[in-house]
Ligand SMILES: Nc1ncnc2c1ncn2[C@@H]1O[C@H](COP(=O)(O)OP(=O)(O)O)[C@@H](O)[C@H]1O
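Only one chain comes next, encoded as structure tokens, the form predicted alone.
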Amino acid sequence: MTDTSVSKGPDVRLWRRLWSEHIRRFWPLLVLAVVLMSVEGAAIGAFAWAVQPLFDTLFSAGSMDGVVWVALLIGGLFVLRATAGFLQRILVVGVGMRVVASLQTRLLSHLLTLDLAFFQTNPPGALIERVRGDTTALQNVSSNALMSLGRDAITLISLLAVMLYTDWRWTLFAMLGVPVLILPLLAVQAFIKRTSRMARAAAADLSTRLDEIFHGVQTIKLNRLETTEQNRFHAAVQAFLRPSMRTRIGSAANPAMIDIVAALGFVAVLYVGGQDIIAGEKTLGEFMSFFTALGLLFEPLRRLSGIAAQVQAAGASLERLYDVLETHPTILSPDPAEPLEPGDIVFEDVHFGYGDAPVLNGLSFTAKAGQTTALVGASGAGKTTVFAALTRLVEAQSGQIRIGAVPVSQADLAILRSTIAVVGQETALFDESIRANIRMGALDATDAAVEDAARDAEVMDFAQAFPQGLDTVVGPRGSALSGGQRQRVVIARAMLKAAPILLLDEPTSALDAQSERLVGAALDRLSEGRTTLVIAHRLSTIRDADKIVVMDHGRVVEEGTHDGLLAEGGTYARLHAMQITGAEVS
């Protein structure tokens, strides 16, 4: 994360932010829920109070007169409590689910604004755990904690009121062990928060491991790595299990300590109260009322101590969520932005590196408008980084990149990226229909325009073989289609986008001869009339390029046409000769 200041701040500030940003708008429902919680909690105190007249007035008289009325009163209290409890649970859980849905939506929206560098250092599994796992932990608090804090706090107050009304001395004896537990309880809460942070981080690692396994299942099978991946996953599970178990142990310690206090209280009240009854200073009904209240008191106290543990665990999740929300993009649109006009693409003394590793070292070249310019060079020469810098997925550290007369850093980011269409080696298809994947190039396009693009990109040739045609769902990452079919869908998307600048990152490198021929024909149609930059590894595919730029270690070492560069006998000629030799050997 680029900003960790949130995790160092007090938890109270984060809870206040959560309240103001996501919960406060539901305050009428929460007020109603609190009223219902108060009714539910107060019913228990009323029940304990009703025990005294039941023993002193009715049972001691040896008559059933009035017992029915007291029984109806007690029964009514429990019906009232059940109704209030049912309604407040519906309200609180409903609010909790809406808060989590809102928070998840906000997180995803914010993540989509962040720079590419953020996603290079935060794997998908970890981000999924932030959006789903950490928000779910908050949902548990927003429901369980709120219900317990409201209902059990009122229950405690009402029961303590009955106890104090009956005898304040007995109440002091009952609470004799409470001060002793304050420091141990605080230590347990700190332990729970610390282990919860570790557990959430381990959960993110676990999700990342699963993400890599499922996306790499073909590689795992072909290389017989099943046992290796099982062992790595087992290690990740164990790393998650250890802090999770410590958190559970800490949570279990809370009610155990409350039980110890309860035992001390019961023993003290039995001893002191028994003496008062024998001495005639208190009635049996008063003792039973007090003892009932005391017996009922420790259960909500146990729940409240457990909620404290949940709040500590949720605080760790809340810190992780706001770490994300406090991370801000650095690549932004300027204000005001300059209008972008079509023209030459110019790289002028551009430098860029990832960390301490330089990639572009004073790169300078010009791609003429309306022409095709090819970038060639060994792996690591910086060719793909050229595309990233032109689209501002990364920001050049020095030098200037222009489209026409306008530096890309001075153009509106949305307009810049709308001006450029990209077709790469990795086909970014989504688990939607072929039609929907093509329409991502222009969301407002008509069905007729989508079908025209599909026809021009040779998509209709295979789509018509499916029963649903263009409405066929392509599967996760386009897994229901072949490599050549996926590429043609991406080309159709670029055709529909109709951007004046086209970037091609070796889109035919992984295709067989038949697929390459079909995709190549579609690319030729796509490139017509556009300023095209193409990264080429197979030099035979760029013979007809208007200009070839040869790169080495992030700088241009040669420029010219295919025939001209061969005649010079330099780097391009050596690369060409190596490929011819390799082709002959194979």
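Note that residue numbering begins at 1 and tracks the sequence as displayed. Whichever C-alpha set is largest while still superposing within 1.5 Å between the two forms counts as the rigid core. Fair warning: this is a prediction, and the values are worked out from it, not measured in the lab.
From this point on, the text means the form predicted in complex with the ligand, which you will not see here.
Between the ligand and the residues 429, 363, 359, 146, the one pair within 4.5 Å by heavy atoms in the predicted bound form involves 359. For the candidate set 385, 419, 312, 292, a heavy atom within 4.5 Å of the ligand in the predicted bound form is found for exactly one residue, namely 385.
Among residues of the shown chain, residue 380 is one whose heavy atoms approach the ligand to within 4.5 Å in the predicted bound form. Shown alone here, residue 120 lies within 4.5 Å of the ligand in the predicted bound form, counting heavy atoms only. In the predicted bound form, the ligand lies farther than 4.5 Å from every heavy atom of residue 86. Using a 4.5 Å cutoff between non-hydrogen atoms, residue 354 counts as a contact of the ligand in the predicted bound form. Here the chain stands alone, but in the predicted bound form its contact with the ligand, taken as any heavy atom within 4.5 Å, falls in 372-380 among 372-380, 476-484, 409-417, 156-164. With a cut-off of 2 Å and the rigid core superposed, residue 553 has a Cα displacement that falls short of the cut-off between this form and the one not shown. For residue 530, a C-alpha deviation below 2 angstroms is recorded between this form and the one not shown after rigid-core alignment.
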